[in-house]
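Let us start with two forms of the same protein chain, each given on its own as structure tokens and named structure 1 and structure 2.
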Structure 1
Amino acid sequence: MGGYILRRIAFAIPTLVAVSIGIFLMVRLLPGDIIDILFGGDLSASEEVKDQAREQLGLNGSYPEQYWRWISGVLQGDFGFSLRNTEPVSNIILDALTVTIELVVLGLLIATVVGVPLGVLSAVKRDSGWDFVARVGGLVGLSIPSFWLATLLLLFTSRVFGWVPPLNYISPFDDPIGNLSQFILPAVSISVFTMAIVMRMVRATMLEVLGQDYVRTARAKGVDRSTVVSRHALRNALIPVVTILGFEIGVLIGGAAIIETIFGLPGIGYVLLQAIFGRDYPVIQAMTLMIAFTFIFANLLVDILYGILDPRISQG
């Protein structure tokens, strides 16, 4: 198992390096210039003054030189300073990451807690009324855009109950109840699509596993049906679902940008959008690299869980 984990880590490292190079180049290809934005279109500013500003901001030199300065700092934990307010990027990341992690974790928790039982119920009671309701609900969940659902939830709670989530971020350590009330609607909004995918995947894999010979043998031996479903079928059926959840972490982080903007949550997506509008290169690079790292790390965990759920994979 140790060798399998080391192989997966060795594969993840060059992937992350390639992603960092791509991020750096794409940021540099963004239209507009942070120097022009900072000078506010001041026509009296000479090129010499602008070159001095570029040197102070670390934007001088060739692209390989700029990339090496940036990645060297990242490896030392130094992401630089924001070009807009000179605040350390590491502080911006830490504040935003706390918000986004909580939102994504709550979204995944809701999607898993609701989607897995619905998928199992739909498979066990195939072609029944429960199955029909679950399948229709899955199609509806796949069809509803998260930003539309978020807007609808806001309108519904404000019109019917006269309540909207708090606008200022509430830390879970200061006020857990207030924090949950602030995050419940955004978490539901981003979880519905993932919930539908999980439900449909669990249903499909459960139907396949329930038709396997070892399941029929267990039933023929008189093993209780609930035991067959929970201990024999569900564990093997969850392997593809783990893959889906691993990919959905990256999808949720990316999709959280719009949700965070709608609800005013200062997460990674919201801060990244503001940095793009302001051409704040260090913040854009750091935030995008953080999203990529999270996605790669999540898939690394998925590979490890693969080996735990099915030891044959780690031995292959």
Structure 2
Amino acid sequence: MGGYILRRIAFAIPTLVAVSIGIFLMVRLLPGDIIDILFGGDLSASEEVKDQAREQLGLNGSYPEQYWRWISGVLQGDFGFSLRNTEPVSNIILDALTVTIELVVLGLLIATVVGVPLGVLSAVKRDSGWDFVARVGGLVGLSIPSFWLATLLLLFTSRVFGWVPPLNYISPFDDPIGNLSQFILPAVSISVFTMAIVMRMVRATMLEVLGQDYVRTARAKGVDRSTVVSRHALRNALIPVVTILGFEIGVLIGGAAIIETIFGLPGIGYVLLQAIFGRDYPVIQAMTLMIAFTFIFANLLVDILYGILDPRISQG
């Protein structure tokens, strides 16, 4: 098991390095010189001033030199400074990561807590009215845009309960209840797509497992239905579901990036979008790197979890 975890970590590191090179090149190779944009329209700016700005941004020297400067800073926790308010980017990252991770974890929690029982119900009561409702609901869940769902939820709570979530970010460390009331709608909005995927997946694997010999044997031995479903079938049906969670975390992070903007939550996506509109390159680089890091790390955790659940994998 230990060797398996080490192998997975060893596999994640080169991917992370490659991603950092990809992000670095993308910011530089896409059309539009950063300096020209920063001094946009200011024709009086002399070459000297521009060179100075280049140096300040770490844009002098060859690409390998620039990359080395950037990445060695990153490894020491120094992401440079924001071009807009000269705040250290590392401070911005820390605050933003807290928000996004909370949102993604909540979303994942809601998706599995609702999706798994629905999938089981749908499989156990196959071809019943329940099954039909769950399946149609699943397809709708796959197709509904999260940002529209968020709007509808806001509309619903404000019209029916006369309640809108607080607009200014509340830290979970200051006021956990207030924080939760602020995060519940966005978390529900991003969870629906994943919920639909989990539901459909659990239904498919559950139907398959329920047809297996060992399930029939357990029933024949006299184990009652609900125990067979919860003890024998569900455990095995959930293993393949774990395999898609890593992918789904990516979907949730992407969903969070859009939803944060609607609810004014200062997460990674919100900060990234502001940085893109403001052409704040150090922040763009740092945020995309953090998103990739979070995603790769989450996948690593899922790989390890999968190895624990299915010992065949880690021994292979």
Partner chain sequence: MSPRRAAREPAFATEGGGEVAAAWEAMPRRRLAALGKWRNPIGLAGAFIVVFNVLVALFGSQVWRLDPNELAYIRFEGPSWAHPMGTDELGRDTLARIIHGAQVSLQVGAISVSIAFLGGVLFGILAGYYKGVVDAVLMRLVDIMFSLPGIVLAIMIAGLLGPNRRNAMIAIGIVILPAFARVVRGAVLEVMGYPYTESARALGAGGLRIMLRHVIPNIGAPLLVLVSVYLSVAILAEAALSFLGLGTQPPEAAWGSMLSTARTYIDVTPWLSIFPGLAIMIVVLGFNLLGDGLRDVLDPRLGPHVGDVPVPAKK
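Just so we're on the same page, rigid core means the largest C-alpha set that superposes within 1.5 Å between forms. Each residue is numbered by where it sits in the sequence of structure 1, with counting from 1. Note that the structure is predicted; figures quoted are calculated from it, not measured.
Between the two copies of this chain, it is structure 2 that is the form predicted together with the partner chain. Remark: with the core as the superposition reference, the CA shift of Leu94 between structure 1 and structure 2 stays below 2 Å. When the rigid core is held fixed, the Cα atom of Trp148 travels less than 2 angstroms between structure 1 and structure 2. Relative to the superposed core, Arg126 undergoes a Cα shift smaller than 2 Å between structure 1 and structure 2. Here the two forms are laid over each other by their core, and the C-alpha of Gly162 is off by 2.6 Å between structure 1 and structure 2.
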